[in-house]
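Only one chain is shown below, in structure tokens, and it's the form predicted on its own.
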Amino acid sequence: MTQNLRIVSWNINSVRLRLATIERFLHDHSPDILCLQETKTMDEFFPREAIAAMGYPHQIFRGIKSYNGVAILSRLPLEEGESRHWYGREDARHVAARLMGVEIHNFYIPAGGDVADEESNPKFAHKLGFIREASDWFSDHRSRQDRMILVGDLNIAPMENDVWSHKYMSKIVSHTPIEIEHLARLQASVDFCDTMRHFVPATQKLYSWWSYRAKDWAEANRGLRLDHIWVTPPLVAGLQRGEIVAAMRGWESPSDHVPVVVDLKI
């Protein structure tokens, strides 16, 4: 028996600040699973009751004060997954759950600072070390036969048309060759399928983030595709539809990221 599932990944940039935006999105798009990054709140202050009242009573989240934080919110019952700390830091960048025999991993990979050099920039070393460790974990503890979904703000735009200018951005953190190589290694660890590029050709521009610095973000359209939903091979045949809800970047008091939506049968 198969069941339709709509899963969303969204860097919300403060869950408490954007509760009204979340409610509007849930009303319009009705996902079964909403995965958030950058919730920016400690667990005791997470708005669990308000989100449960929106129809999402099943919640697994990890947070710290003021920054980072990840959550998996569901209309359907969840089981706790193997949430982990990476690169020796308890900084709330990963949460995992199980749903109907599918393992869901929600990641918020470090941004990496401004300089693409591990020796001179500890933030960039953290980013690459985090990805290497996650890649090794999937290679050692999971397989391509497992039914898994990996979502999150991975803070890397891997393809030429995932950035507004490949030539310019190739020297900027988020699209440098070494980051792309590391992300490819994570993707290859269990042969994850990049669902948005399953639906949208690599020749087409596709973004999920636009800087707050650009007031004319839509006209300039200098975006990056930093937000991803991947699935392992057993789930690829069930993929039905994918969407990046770009119009939400123009809503009142938006996050600088917009939701990525995937429909699949499991």
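Note that this is a predicted model, so its numbers are computed, not measured. Quick note: we count residues from 1 along the sequence shown, nothing fancier.
The same protein also exists as the form predicted in complex with the DNA; that form is not shown, yet it is the one meant from here on.
The candidate stretches are 193-201, 66-74, 26-34, 236-244, and the one lying within 4.5 Å of the DNA in the model of the complex by heavy atoms is 66-74. Interface residue remark: residue 141 is not counted as part of the site for the DNA in the model of the complex, having no heavy atom within 4.5 Å. Not displayed here, the DNA is approached by residue 111 to within 4.5 Å at the level of heavy atoms in the model of the complex.
Although the partner is absent from this view, residue 17 contacts the DNA in the model of the complex, with a non-hydrogen atom inside 4.5 angstroms. In the model of the complex, residue 84 stays away from the DNA, with no heavy atom inside 4.5 Å. Contact check for 127, 135 and 185: none of the three has a heavy atom within 4.5 Å of the DNA in the model of the complex. Contacts between stretch 31-56 and the DNA, counted in the model of the complex as any heavy atom lying within 4.5 Å, involve 38, 40, listed in sequence order.
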